[in-house]
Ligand code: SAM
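Below you will find one chain, with nothing else, as structure tokens; this is the form predicted alone, and questions on how it binds or moves follow later.
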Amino acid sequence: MSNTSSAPAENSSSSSGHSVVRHDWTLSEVEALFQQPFNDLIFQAQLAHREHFDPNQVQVSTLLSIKTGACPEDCKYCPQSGHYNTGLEKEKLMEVQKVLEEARSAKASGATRFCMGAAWKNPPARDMPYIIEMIKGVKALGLESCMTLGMLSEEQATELAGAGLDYYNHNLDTSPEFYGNIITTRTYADRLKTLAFVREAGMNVCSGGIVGLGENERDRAGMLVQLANMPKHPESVPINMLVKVAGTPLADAEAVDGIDFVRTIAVAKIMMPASNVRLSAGREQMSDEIQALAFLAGANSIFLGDKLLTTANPEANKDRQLFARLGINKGHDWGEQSAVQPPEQCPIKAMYDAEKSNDHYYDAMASQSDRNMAGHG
């Protein structure tokens, strides 16, 4: 199948030679990234981001729940789990034409990718023909297609790819070590196997995690190591902030610090510079300032619409107002991604290179001993 992803091709190094795309990260290296001074971390992430993307363009997707509730999984964060009483009304699989009406509306609102999610452990065989028709219909509208349907068999992944599905979402959620505290009905190996089937079938991989499950910084680093050390990085990496839902075991989880959340975005971008990092669930509870920092840290994809599956999301007009204030997608239709600005033409990059030759400049990421040797101690 042919994919229409707007993400740049993954290379061993960028055209400027500054940001090498790696697949051999160690946990200690990633923990050291998290521990950097915030300004240094954001600066490093922004430079990596500019080597692969236009820094003022953000891809826009819309997410629709095509089958809601009664999921047999016990994910402690999920209101759709049949294990918890969250008051969510259960719904059957939507009719194909209704899904396509939603897709047309999403395209009219500026979305370039239409994502469909179903609350299943894995897609039932009886529903696969309807899923295939949805994919074909969305593609016929000129939209990229994405689905999240739970675990897939190798045969199902091949069938979805044959229908033209561009992206398949299957999040790792957290580190292998912390995973058992959140989910017991599906193993970490199960998730990795599904992602392998998706990749082998020729689809783009969408996989990320959730911040705020009660994990520590080492767990966040561990999750990113799993993603970045895959043979090929996920084309899309959603970073979610936990949305606390009454009735779930994590309803009273400790709130995530906004700066810590932005750090996770920045580290993800440094480790996977050619991937789209999506500012995903939890935006409703983020201030404009935190979102702006997330974009500065390399987030360049969002979901548009008032709901993400079953939880709230900022209204489209509010997003447009924020984008206008930040100069994002200026002069372009929403989601349209312009060509990457060559690093040598980037004004910030030019200033950085010029200052490096200045005697009064030192590299904030260099060791103190290096600076002492250079006479800047």
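Everything numeric in this text was worked out from a predicted model, so none of it was measured. Residue positions are given as counts along the sequence shown, with the first one as 1.
Heads up, the form predicted together with this ligand isn't pictured, but that's what we're talking about next.
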Worksheet item: Is there any non-hydrogen atom of Q156 lying within 4.5 Å of this ligand in the model of the complex?
Response: no
Practice prompt. Please check if M134 has a heavy atom lying within 4.5 Å of any heavy atom of this ligand in the model of the complex.
Written response: no
Item to complete: May I ask you to state whether P79 is within 4.5 Å of this ligand in the model of the complex, using heavy atom distances?
Response: yes
Worksheet item: Would R283 count as a contact of this ligand in the model of the complex, using a 4.5 angstroms cut-off between non-hydrogen atoms?
Response: no
Response to the item:
Within 4.5 Å of this ligand in the model of the complex by heavy atoms, the stretch out of 143-151, 216-224, 95-103, 292-300 is 143-151
Worksheet item: Ok, L195, L242, I270, V262: which has a heavy atom sitting within 4.5 Å of this ligand in the model of the complex?
Response: L242
Discussion item. Only counting heavy atoms and a 4.5 Å limit, does any residue of 93-124 reach this ligand in the model of the complex, and if so which ones?
Written reply: A118, A119, W120
